[in-house]
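Below, in structure tokens: the form predicted alone, a single chain.
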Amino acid sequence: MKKVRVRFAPSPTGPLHLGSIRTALYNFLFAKKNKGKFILRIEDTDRSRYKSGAENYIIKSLKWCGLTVDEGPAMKGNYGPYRQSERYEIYKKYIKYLLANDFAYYAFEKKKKKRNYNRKKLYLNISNEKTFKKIINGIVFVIRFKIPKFFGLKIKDFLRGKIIINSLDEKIILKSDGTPTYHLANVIDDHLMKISHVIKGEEWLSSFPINICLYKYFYWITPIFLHLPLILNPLGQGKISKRKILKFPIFPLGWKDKKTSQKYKGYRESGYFPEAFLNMLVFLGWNPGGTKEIFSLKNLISIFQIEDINISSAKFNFKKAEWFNCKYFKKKTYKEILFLLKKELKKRNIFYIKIKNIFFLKIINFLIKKCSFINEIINQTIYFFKSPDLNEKFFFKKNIKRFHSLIWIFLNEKKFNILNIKTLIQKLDLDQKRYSIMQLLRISLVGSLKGLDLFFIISIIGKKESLKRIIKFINYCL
């Protein structure tokens, strides 16, 4: 096999979705398995759909996933520039070559509701002199790829084998604003960047024949093409698309649409570990055989075989994604979870109570078997870290006088531990209202009737904070 050089070439038209990241992952694994290069190229020729911040989002997403780029816009490389918008001068000579050899032509098109790209109907069989006059007179034109004279074009996809093409559309390769289209630019770039394997999504199969024709026109060696199967939505009805926002995340990182100000959660913001996200993603179209499903990125590099990619579309399963994260969560040490827990609290600007590490570890120990995400631990124990918000539905004015007696227990008890507090409260004369008083105590400290053992909570948040919350609750009810 010749030296492996693969590229991930997204367009900065918005956030990356699952299918795009999977394409990057397969390219990365194939490159690393074969000691090759993984290249990032930004295909930004479609300026009408360009989104500010999208390129930075692409780079951050790859970094979060751990897919290290060998060459790209943010680093040096021998085959740059790595943004197509910076390569227009390069494309010019190849466009001239295609025109000079009758492989492309100027198209002066009439504006119609339904466009028809037949050359004869568009009055394109004109002399060079007439073409020149139209151009100098400022008549808008595009340049179109010319259908080859032969039919029955045979092309080969690595997964699908031989494909016979009997007809082709004469696609635009240079737009009226002077920018090249995907069809032309990606072929030139792949050749000049010495790309050995083009691994991309099945949705690009329609442009595959045009790619091959252009390679033939330029007399270039064709790279090996492999078109990945689609990722279908959980119902198996249509592919997952970033144009249809579903109930589960489809982006690796969160994204804010500047035009609508709408925010979308990504897998990172939903609490997924990047290694769990990748492990889930790799199985959407690839399987090494056997029953083992948990593989680190390093493991995946060592076992990845391009031949194991399936040709059939893969149905996305959100429950399976959660299962993967649960498996990686259980593999974390207490120290790692503690670090992530504190990091998440800092993100939420929660600094109300300084809890010692030993108590953090007790909280983790209580919940580690029940949770799959760091977010779940915080959401279920938020009352440890901040005073609860009070709510009208927890208004118990009838019992509030009896509730005062609890304050004295908290004030006078020097040994503030679970056993002492529990014993004193149990001895307190609360008549028939003991259950209601205990409910009030929980509500004042936790903000709801749910949560961990009440005496455990009291021992962790401490005497000072417990009193502060009880007094706050009493004042609220009066």
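The model shown is predicted, which means the values in this text are computed figures rather than measured ones. So that there is no doubt, residue numbering starts at 1 and follows the sequence shown.
There is also a form predicted in complex with a small molecule; it is not shown, and the following applies to it.
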| property | result |
| --- | --- |
| Contact flag, G14 vs the small molecule in the predicted complex, heavy atom cut 4.5 Å | no |
| F359 within 4.5 Å of the small molecule in the predicted complex, heavy atoms | no |
| Proximity of A24 to the small molecule in the predicted complex, heavy atoms at 4.5 Å | no |
| Contact flag, E43 vs the small molecule in the predicted complex, heavy atom cut 4.5 Å | yes |
| Heavy atom within 4.5 Å of the small molecule in the predicted complex - residue from R87, K146, H197, K200 | K200 |
| Position in contact with the small molecule when the complex is considered in the predicted complex, options Y97, Y334, W204, W220, heavy atoms within 4.5 Å | W204 |
| Candidate stretches 74-82, 277-285, 380-388, 178-186, one within 4.5 Å of the small molecule in the predicted complex by heavy atom | 178-186 |
